[in-house]
Ligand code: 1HE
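Heads up, the chain below is alone and in the form predicted alone; it's given as structure tokens.
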Amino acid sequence: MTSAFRPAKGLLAQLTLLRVECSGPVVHLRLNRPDKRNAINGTLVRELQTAFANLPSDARAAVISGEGAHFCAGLDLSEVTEQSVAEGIFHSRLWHAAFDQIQYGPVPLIAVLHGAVVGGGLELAATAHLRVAEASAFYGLPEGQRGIFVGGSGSARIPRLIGVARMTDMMLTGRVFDAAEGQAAGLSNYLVADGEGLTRAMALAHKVATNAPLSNYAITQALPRIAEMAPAEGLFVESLMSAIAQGDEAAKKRVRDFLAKRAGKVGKSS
């Protein structure tokens, strides 16, 4: 962690299982249950929802990572062993609400994945808009072997990344993907050496933060919804979103700068 980061203030400073720090337009959220491999319990899922509903007004991008040797080993099973059917439904819907708040929050999110990205941890990773994996990352969905089913939105989000067939394989057989296999399958956007994930994610976050806020919002909010629409309806929404984005003064200035050769051209991504 660089000295440029400072602890968050107000409500974000009161969270106990989630460390939140800020550096200019970038917010860093760190799962902070290393002794439990950052397994998600009721408190942590509520803190995730609270954090993403209360990001600083000047935030333009966010990064999420895990303290210790693992990103997240999934659901804390000690909380659900004696749940009734009704309690199980309410528990799952709590996760859905929190993870919707993350994916459809105000800023793009980049996840740093290392060690275990398992079960609910993979469901959490799937809510991010970009994922940077370190070489130590491994992915699993052990619910089938434990007699349960995904309940944190994984059945909706993970197939969008890797397809239904791969997710079925992981759940039925307990197949685990290593970092390279996960990258090839689409679970991560970037693959880096161990210890380099946070640096890459921060560089990406600061780059994303320089985009026009309305453009970023359109990408994170409209794009996944359009992808689920019938083509005709999706293209109509695309037209509306395109017009709204182009009408923003920040976008107009960027286009004028490009035409006046004051803006860089498209080149190789960092």
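What you are looking at is a predicted structure, and each value in this text was computed from that prediction instead of being measured. Position 1 is the first residue in the sequence shown; the rest follow in order.
Beyond what is shown, the protein has a form predicted together with the ligand; the following relates to that form.
Contact between E196 and the ligand in the predicted complex is not found at the 4.5 Å heavy atom cutoff. None of the heavy atoms of A97 is located within 4.5 Å of the ligand in the predicted complex. When contacts are judged by a 4.5 Å heavy atom cut-off, H28 does not count as touching the ligand in the predicted complex.
Proximity of I64 to the ligand in the predicted complex: non-hydrogen atoms within 4.5 Å are absent; the residue sits far from the partner. L75 is the sole member of L187, M170, L75, I102 with a non-hydrogen atom lying within 4.5 angstroms of the ligand in the predicted complex.
Contact with the ligand in the predicted complex, judged as any non-hydrogen atom within 4.5 angstroms, is confined among 177 to 185, 104 to 112, 127 to 135, 67 to 75 to 67 to 75. Of the residues in 196 to 235, none comes within 4.5 Å of the ligand in the predicted complex through any heavy atom.
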